[in-house]
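We begin with a single chain expressed as structure tokens, specifically the form predicted alone.
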């Protein structure tokens, strides 16, 4: 059985994590960690419970420039926040697909990112919104774009003795819209087979985030402003840009099925994001 430690300060937490090195695992919601412990796929020497740390960043802070998300913000709290619903609808849609209500009330957005899963539901919308991650260690803090944070399946820039203490989301440009689309075998109890997030801005710029179609979540951008009324041109651009995806065949789907599904979901996400952009413009 691993040892359990519940620090009350960030300094104590970082000291404990550094002391145990690769044998330590931070614990907030625990929705993935506890499953790993139960099935012996994760066997840490030390569990560092962060829920009693008083000087971590607040769960959510809204500024003129965007939103700062701390490590204890749950998926449920994220999805219920009025300003998040207004500014980042794709992220809300993704958060609401994570597990059941009970899981969303425990699982944290930061923890979901730190798992490094290529199929993480919230990764594609975070990528299209140009999220940045702040990582703390005993040596200080460093910040990196989320697109550089994911290295490989279950591997991120957050190394032994480090903690992700904040995710920063810049405020979306006026006149932009976002949407998230996902396919899975059983809603709420399975990983995504394919997922896509899209942001479309007022000039027709289209950014895509792709999940479960590569060794890590992917961010890509369609070249130039896109005329969304020209469906054949949109499909051609999507086909060209989606070549960055390298899906595999596994128990959830074949490679060929993922490729075909990705094309459909990408188109749906882009059109839904554009429709939200139009609706916001009409309401303003």
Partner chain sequence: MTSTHADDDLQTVTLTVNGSERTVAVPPHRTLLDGLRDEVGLPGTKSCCAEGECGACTVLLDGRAVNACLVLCVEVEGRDVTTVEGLSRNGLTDLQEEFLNAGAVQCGFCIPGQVVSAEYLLRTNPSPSEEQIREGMSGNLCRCAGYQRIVRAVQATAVRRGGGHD
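Every value quoted in this text rests on a predicted model; they were computed, and no experiment measured them. Residue numbers count along the first chain shown, from 1.
Only in words, not in the display: the form predicted in complex with the partner chain, which the text now covers.
**Q** Just one of 77, 168, 93, 162 has a heavy atom within 4.5 angstroms of the partner chain in the predicted bound form, so which one?
**A** Going through each option in turn, the one that passes is 77.
**Q** Which pick from 152, 173, 102, 83 sits with a heavy atom within 4.5 Å of the partner chain in the predicted bound form?
**A** Result of the distance check: 102.
**Q** Counting only heavy atoms and a 4.5 Å cutoff, which of 29-37, 211-219, 240-248, 55-63 contacts the partner chain in the predicted bound form?
**A** This holds for exactly one stretch, 29-37.
**Q** Do heavy atoms from each of 132, 142 and 144 fall within 4.5 Å of the partner chain in the predicted bound form?
**A** Per the other structure, none of 132, 142 and 144 touch the partner chain.
**Q** State yes or no: in the predicted bound form, is some non-hydrogen atom of residue 205 no more than 4.5 angstroms from a non-hydrogen atom of the partner chain?
**A** Because no heavy atom of residue 205 falls inside 4.5 Å of the partner chain in the predicted bound form, the answer is no.
**Q** Mark residue 226 yes when one of its heavy atoms lies within 4.5 Å of a heavy atom of the partner chain in the predicted bound form, and no otherwise.
**A** Answer no; every heavy atom of residue 226 is more than 4.5 Å from the partner chain in the predicted bound form.
**Q** At 4.5 Å between heavy atoms, is residue 67 in contact with the partner chain in the predicted bound form?
**A** Output for residue 67 is no: heavy atoms all beyond 4.5 Å of the partner chain.
**Q** Might residue 234 be said to contact the partner chain in the predicted bound form, defining contact as any heavy atom within 4.5 Å?
**A** Contact check for residue 234: no, nothing within 4.5 Å of the partner chain in the predicted bound form.
**Q** Suppose contact means any heavy atom within 4.5 Å; which members of 244-272 contact the partner chain in the predicted bound form?
**A** Nothing in the stretch sits within 4.5 Å of the partner.
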